[in-house]
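Coming up is one lone chain in structure tokens, specifically the form predicted on its own.
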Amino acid sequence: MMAARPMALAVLFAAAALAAGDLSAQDGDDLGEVTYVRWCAGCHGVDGTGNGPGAEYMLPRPRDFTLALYQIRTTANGALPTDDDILAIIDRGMPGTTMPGWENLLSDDEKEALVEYLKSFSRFFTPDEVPQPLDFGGATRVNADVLAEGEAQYQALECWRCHGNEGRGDGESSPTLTDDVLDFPIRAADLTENWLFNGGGEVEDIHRRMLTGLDGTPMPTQADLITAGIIDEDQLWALAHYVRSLSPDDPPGITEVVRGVLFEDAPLPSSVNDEAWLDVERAYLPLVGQIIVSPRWFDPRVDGVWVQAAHDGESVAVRVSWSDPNNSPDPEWADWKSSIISLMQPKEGDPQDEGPTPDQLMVQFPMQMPEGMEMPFFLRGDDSRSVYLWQWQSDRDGALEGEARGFGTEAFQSEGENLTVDASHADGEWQVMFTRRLVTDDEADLDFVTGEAIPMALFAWDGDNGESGTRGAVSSWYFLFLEEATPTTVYVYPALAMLLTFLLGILVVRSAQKREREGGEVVSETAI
């Protein structure tokens, strides 16, 4: 699912490019050109300058091949990439952007021809100059001391200025970052999401990026620091290990169910920071830009949320966490917001409000439990099937309950006692916890039933990224499953079975002993 958005958009814009009329390739044309026109020109443009029909819907913008400025390479900072470098990006794509991987769509011959055709756009590629990859060596071992050294280097080299203290891209410089080509706003990488790292998220990949830098972006090479004797190779590896440690050991898998843990002998968590949440499993739900209902949004800040749930048989608590570099509205992000709006607004009309806009989160459930898989439309329901909503926003205390039958039909109740909320923003992360009784006196509320899969969808907005209304991030339907209390029979039946087995065993032994005694007496009488 996480890869569906870039591939879908790429194919969409490739189709738009073909429909433009002057992009059709003729039989007999070079295989590289044919492949490029068919699959790449929709974003990168016929002339390779990154100005295809779909480019204005994308941030960051597609690569301008005429500049020969490639972020992901195995060559030195400022050097040209090798053919294998270009081929690797064609295969894997650029996670976190709209550039998909084409490994399973293009043949080997098409990809090799495409590499040569991409190089033909720039005068910097010449037959006389063959780029040489660097020797990166092998990864060092990692332990607590290595991670401590890596954290010390993270602070000493001021990586936090862009990436933030916890690595979520919320450093003091992050609102001012721009690319080196078009001066467009560019985000500091969220180091807690290594599955979205350009060029790969393992420690070897991170180490390579530190040595080569990301040309065209504010991310510099650290090779100069090694040359100057400021750090050594082991310290750079320690830094790479530390950055890798900021993400989970394994990328989050796609799950359909958020399991609500039953707190039988303990109270529900009372706040987002309650330590009881540490024992509740998190589920990662990816979000994508809302591109179905106009005005659409192709640049969502929130790409996924972590969801936890718990209940005590009377109330349910749902905690949602996600990376967001600031608490909107924030004056320090005003210029960033204006830049995003000016770049993305013309595509959809409906001018956006450049005034203060908050961060928001909405959780959606069907108003009536569906039969089978017949659920309401995931974008706020439809005329025949309404949805039940929980809404929170950063500039307001409390949470609202509401109902909708499609975008623009939302009707919210005034704040009451049924739904409460606790929210906290720290170190580039929002945590929002909703709490509500499983069953309320309000007939308009959904009753939360244990032991059943309750459909659930989420919506998120970053106000200072120009998001509000239909411009935001959405999920598809998932399910909330509230665990049932363990029946007494689960404990009684095994005990009874053990007792019966024990008694049967005694009977078998006694029966065998009796037969043995009776057999012995018969033998004795015969002998006499």
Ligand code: HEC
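This one's a predicted model, so the numbers in the text were calculated from it and none came from an experiment. Residue positions are given as counts along the sequence shown, with the first one as 1.
Unshown form predicted together with heme C; subsequent notes refer to it.
Asks: I need to confirm a contact call. Of 235, 321, 409, 217, which residue comes within 4.5 Å of heme C in the model of the complex, counting heavy atoms only?
Replies: It is 217 that has a heavy atom within 4.5 Å of the partner.
Asks: If the cut-off is 4.5 angstroms on heavy atoms, which of these, 261, 146, 379, 94, is the one near heme C in the model of the complex?
Replies: Only one listed residue qualifies here, and that residue is 94.
Asks: Going by a heavy atom distance of 4.5 Å, is residue 39 a contact of heme C in the model of the complex?
Replies: The answer is yes: residue 39 has a heavy atom within 4.5 Å of heme C.
Asks: Given that heme C is not shown alongside this chain, does residue 399 nevertheless sit within 4.5 Å of it in the model of the complex, heavy atom to heavy atom?
Replies: No, residue 399 sits far enough from heme C in the model of the complex that none of its heavy atoms falls within 4.5 Å.
Asks: Find out whether any non-hydrogen atom of residue 473 is located within 4.5 angstroms of heme C in the model of the complex, and reply yes or no.
Replies: No, no contact at 4.5 Å.
Asks: If we define contact as a non-hydrogen atom of the residue within 4.5 angstroms of the partner, is residue 199 a contact of heme C in the model of the complex?
Replies: Yes.
Asks: Want to guess which of 261-269, 301-309, 97-105, 327-335 is within 4.5 Å of heme C in the model of the complex, heavy atoms only?
Replies: Heavy-atom contact with the partner occurs in 97-105.
Asks: Give a yes or no on whether every one of 86, 188 and 239 sits within 4.5 angstroms of heme C in the model of the complex by heavy atom.
Replies: Affirmative, all three are within 4.5 Å.
Asks: Of 42-73, which residues get within 4.5 Å of heme C in the model of the complex if you count heavy atoms?
Replies: Those in contact are 43, 44, 58, 60, 61, 62, 63, 65, 69, 70, 71, 72.
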